[in-house]
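So here's one chain in two forms, each on its own in structure tokens, numbered structure 1 and structure 2.
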Structure 1
């Protein structure tokens, strides 16, 4: 009886860790840290949390630095951020689970050219280019395989990936309609957003320090525009001190008219795990931007020093041990689901 109850209520959260380059502070605060908190909360309740390295996805584009080092570091970032590794948290490399590739091919035979041509990410990534690799066009199908193999209910992603979640849902429902309830259909994007605390488009978006109209991005060429997780703390503090603000001479939270100042307030709140409104109230009406910059620079510097100490304390061997255990789990779960699909397609 207990076993049946567990199987009914257990859900799965799945997320991938990009390994193309070192994350920014924006990546950390906007995506990695919220995922760590979700993982710790729900894995403690018995949910399965799959954190995989999408190395197959990563080779679609150029990779900065040492691929394998980036791969190991990507997991260290999560652990240094406070992720509690337990029996319900599973790390694995996508390429070490062959079912991902075979499932993607089967789903390719279900997806249509029409729906793939409508993918906004493909349009954006191919715009102005005479040629792009097929992976850029097809990776949403591989993403669907990543999700459906593990019966994932929630997939914490940015809004730019919601279209791919909808594709995944459509492919799953198409197969289920024809062959029976074989695949778990992920929650609708509205429910995904609620689960991640992103209602009414209010997800965390850390802004570019030199052009706060844009979000902080590792691809932006200017060094002072972004803070990297492994930046020297003193260097990061200087970037905060030189951040673009405005001429209003009044500290208030207004992302439309004062995105630079609002961004600093947001960073201060998130770095110190304080409610944003509390930080806003503390600084509301103050006129000296330099004082706020100094406070945020100190907070960022302290955070980076502590984070980097925790990061350095994690050995490569610890990461590979986690991967070995996680990949045994992942192959077992993925192979069983793939076998179900192969049978209905008469491949077995």
Structure 2
């Protein structure tokens, strides 16, 4: 009798959301919800799922509200969105795993000024400022450390973070080329997008409701430009009803010419876990923007009402218990990888 052994390699999915303020619907649909769906599907198959709080990344800029409360809430958001905790899902705080900072320093000695100067997020965040802290510049290197320490293959993030994933891949490949295969190179961004259900290979970018040329961002002033996860559902519905559209009077998916309408179609698809193409087919050719707005407003407000009820039922203690277990796991895994790297750099 011939026995065939299948060598199944378990992969790792990893993401983090900063805690400078309550997340927007953009954070939610671009990263949090995809992570919840992927986690529920893949952790059940034995993959590792790492959800961490990038508290060190958060201190590069001001914090709205109470830092520790934001931190605990940030874990509650995943649970309220339906994430099922199990032994393959790990929650931890970045600053409670010192290997992140150590690894970042080593990667600093591999990254070049040229590639760091090209980072769009740094350019945007420093534009017009007379002084910018070094953390803003070095942010992507710490992010690479967050990913490479855990050999993560898939990193559910919004499109604005894809450049940082590319940098992470480049740093890993550079180290592997010089020292042998010690780091796992995460998948290309196109594959990341497909893994998140974006069949066209594009990343998710939810637009500002009042200026759909731009991405929805917590730092944009103007209440109506963004929906926050703890917005009163009726208020959120009003924001959708007053979203900027265009004068074509024809519903079609065209992010370039009709970003406002396309954004609404995108929100409708993601929030209901429906393929974008299906939502586009339902609405294509319709002329009444008000009908689409009403539908999206209903979807968003129903979702927020359910989400907020679940959110308020989760206790702080539940979160701290998850963090305690997760931080033991994270320190074990991260220390091992760091040691491998320290050895090839002859620090050990």
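Positions refer to the first chain, counted from 1. Values in this document were obtained by computation on a predicted structure and should not be read as measured data. C-alpha atoms forming the largest set that superposes within 1.5 Å between two forms make up the rigid core.
A.B. asks: Which structure would you label as the form predicted in complex with tryptophanyl-5'AMP, 1 or 2?
C.D. replies: Between the two, the form predicted in complex with tryptophanyl-5'AMP is shown as structure 2, not structure 1.
A.B. asks: After a core superposition, would you say residue 163 shifts its C-alpha by at least 2 Å between the two structures?
C.D. replies: No, shifts by less than 2 Å.
A.B. asks: Taking the rigid core as the superposition reference, indicate whether the CA of residue 214 shifts 2 angstroms or more between the two structures.
C.D. replies: Yes; residue 214 is a residue whose C-alpha shifts (by 2 Å or more) between the two structures when the cores are overlaid.
A.B. asks: Relative to the superposed rigid core, does the CA atom of residue 138 travel 2 Å or more between the two structures?
C.D. replies: Residue 138 C-alpha, core-superposed: shift of less than 2 Å.
A.B. asks: Give me the C-alpha shift of residue 270 between the two structures, core superposed, in Å.
C.D. replies: In the core superposition between the two structures, the C-alpha of residue 270 moves 5.2 Å.
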